[in-house]
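The chain below stands alone, shown as structure tokens; this is the form predicted alone.
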Amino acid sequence: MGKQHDRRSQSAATVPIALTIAGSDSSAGAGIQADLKTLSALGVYGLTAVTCIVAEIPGKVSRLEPANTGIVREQIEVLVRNFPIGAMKTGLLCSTAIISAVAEAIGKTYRTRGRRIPLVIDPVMIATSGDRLLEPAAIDAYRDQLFPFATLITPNLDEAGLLLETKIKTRKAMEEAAEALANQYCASILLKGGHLQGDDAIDLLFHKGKLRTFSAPFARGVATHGTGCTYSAAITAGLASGLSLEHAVQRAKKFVTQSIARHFKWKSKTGKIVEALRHSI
């Protein structure tokens, strides 16, 4: 019995841990719910710091309620004090105050621990519809307060264009934008090119001065949400598990592609088709 207990203890101690700092999605297709499903599927124990509560279904947000900045900071600080966190990620940070609170808490943990925890920032600034989700002051808070802590920033084309004040419509422009963002923010950049026209969904990683391409067939006719959350969570899972950044991105690209291909589909009471990712391997 003693030997069995020792084996269980050793097994539990080796489970990697990751923290997601994001909003709660009531439909569970995005946000912390998608992050937890992804982390669990990839063998990582997920912790959460909730930044806001969102009442939504795929394609429609009914209401968004920000959390108090004090509770956002406390969630992060108490978790970092008590868990051996291997990596962290951010998702929806819905206001300037929330972004500042997250940056303050992360900065405090780094000063207290004396080392940085790998941080993946998914800068949720623009909705799939093209609508801007944050006011200009919040985007400045990302730039000035949070990006300096980033290991990896994962903008889509619209978000990268907003940060660089330009339009990105070609592969060549993507390459230039990824390098420009990496130089500007002193972090690795994963520029997601899913909005470019073509048969493949192409993402570019600019890391340690080199550009690498990750490509997968573009899944058409699938109306899901939460792909960005799933992608960044899968990368975070890889980093928490000790993978190199390039390997973590490679595995995450495969995971999110499979999640889209194997998506769920239901018919609502109104007859509308509702779809969601299948977060599994």
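Residues carry their position along the shown sequence, with the first being 1. This structure is a prediction, so every number in the text was calculated from the model and none was measured.
Here the subject shifts to the form predicted in complex with a small molecule, a form of this protein not shown in this document.
A single residue from the set Ala178, Val102, Val124, Leu152 has any heavy atom within 4.5 angstroms of the small molecule in the predicted complex; that residue is Val124. The partner is absent here; in the predicted complex, the one residue of Leu47, Val54, Leu245, Ala41 having a heavy atom within 4.5 Å of the small molecule is Val54. Though the partner is left out of this view, Ala30 does reach within 4.5 Å of the small molecule in the predicted complex, counting heavy atoms only.
Although the partner is absent here, Leu92 sits close enough that one of its heavy atoms falls within 4.5 Å of the small molecule in the predicted complex.
The closest non-hydrogen atom of Cys229 lies within 4.5 Å of the small molecule in the predicted complex.
Contact check for Thr257: no non-hydrogen atom falls within 4.5 Å of the small molecule in the predicted complex. Proximity to the small molecule in the predicted complex, taken as heavy atoms within 4.5 Å, picks out 30-38 from the listed stretches 246-254, 30-38, 66-74, 231-239.
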